[in-house]
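Shown here is one chain on its own, the form predicted on its own, set out as structure tokens.
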């Protein structure tokens, strides 16, 4: 069997972008920010500085190294990342685990380490946003805006998404529908923004259906409904497969001008109508078969050996011709 390698090359070329896209920094989002940090999280030097948390929304590990953090995107259109903070490569801590978090200190002291940026959002002249830009400096991953009142000395709280990053405008907190992006009630650097335990849907179903009877009925209904639908589809497909050759033949005959319908001309009886002669012949044959005497043969063949073993082939006078003579 001849293998067509073109399809394998095409499939491989389609899978490569999907694999790269699944592990790209495009899944990273700015999740939580604290600007006025007086006695909250301290860095490795014991200093309380502004910090930002980045959340990996995917289920793959993503390396944030090579990306940019900045609060000044004026050079974005021109592709000038000179004033941005480029996250150094080569540090294994820049790999964000699936659904994990990484914290950067916004202290304008990049010489302190990989996770210290070259800007400080607490400065009065700073912009009210933080941008995460992909490697190369040409693609904006996430643009995170925050209110200016976070710089107030009384703003001892963080700002971000109530239940980690999502595109929803509102989320359910307890029994209340609240704004998704707002002041947070908890300080959770490097962890989920809403640490309060909430029962999952499976746990809620288990509480309401203690013995699993409702779940069993639903499951059996789904299974038997699926089997019935499959049976109907198979039945219909069988009939359809039986009719398809007939439809194809009719289509080809019609395309070639061949009709399977008997033509009926004036004064000529249709060939598919019995004239009566055939029925008469069949009736006569049946009458003769049942009412006429027949010889019954024994169906035994007897071969007798002749008494004289003489054969014309053994008599030369019978096989020689006479020589013609003139008279």
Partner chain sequence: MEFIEFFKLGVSQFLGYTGFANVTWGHICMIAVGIFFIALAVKKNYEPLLLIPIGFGMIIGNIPFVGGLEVGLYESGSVMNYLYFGVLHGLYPPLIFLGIGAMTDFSALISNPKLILVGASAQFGIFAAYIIALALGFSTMEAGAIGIIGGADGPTAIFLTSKLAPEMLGAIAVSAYSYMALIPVLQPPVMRLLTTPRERLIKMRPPRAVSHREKVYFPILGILLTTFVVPSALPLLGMLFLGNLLKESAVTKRLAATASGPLVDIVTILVGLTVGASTQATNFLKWDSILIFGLGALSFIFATAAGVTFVKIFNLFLKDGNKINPLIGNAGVSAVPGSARVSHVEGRRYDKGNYLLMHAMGPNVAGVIGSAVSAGILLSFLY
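This structure is a prediction, so every number in the text was calculated from the model and none was measured. If you superpose the two forms and keep the largest set of C-alpha atoms that fall within 1.5 Å, you have the rigid core. Positions refer to the first chain, counted from 1.
There is another form of this protein, the form predicted in complex with its partner chain, and it is not shown here; the text below is about that form.
Chemist: Hey, of 103-111, 145-153, 80-88, 211-219, which bit sits against its partner chain in the model of the complex at 4.5 Å between non-hydrogen atoms?
Modeler: Among the listed stretches, the partner-contacting one is 211-219.
Chemist: Quick one: from 74, 256, 176, 241, grab the residue that has a heavy atom within 4.5 Å of its partner chain in the model of the complex.
Modeler: Flagged contact: 241.
Chemist: Note which of 118, 170, 192, 206 lies within 4.5 Å of its partner chain in the model of the complex, where distance is taken over heavy atoms; exactly one does.
Modeler: None of the other options qualify; the answer is 206.
Chemist: So in the model of the complex, does residue 234 come within 4.5 Å of its partner chain, heavy atom to heavy atom?
Modeler: Close contact exists here: in the model of the complex, residue 234 approaches its partner chain to within 4.5 Å, heavy atoms only.
Chemist: Should residue 228 be classed as touching its partner chain in the model of the complex when contacts are defined as heavy atoms within 4.5 Å?
Modeler: Residue 228: contacts its partner chain in the model of the complex.
Chemist: Does any heavy atom of residue 199 come within 4.5 Å of a heavy atom of its partner chain in the model of the complex?
Modeler: Result no; residue 199 lies far from its partner chain in the model of the complex.
Chemist: Answer with yes or no whether residue 247 is in contact with its partner chain in the model of the complex, where contact means some heavy atom within 4.5 Å.
Modeler: Outside the cut-off, so no.
Chemist: Superposed on the rigid core, does the Cα of residue 148 end up 2 angstroms or more away between this form and the one not shown?
Modeler: Moves: no, less than 2 Å.
Chemist: Residue 238: CA shift of at least 2 Å between this form and the one not shown after core fit?
Modeler: Yes, residue 238 moves 2 Å or more.
Chemist: Taking the rigid core as the superposition reference, indicate whether the CA of residue 227 shifts 2 angstroms or more between this form and the one not shown.
Modeler: Yes: residue 227 shifts by at least 2 Å between this form and the one not shown.
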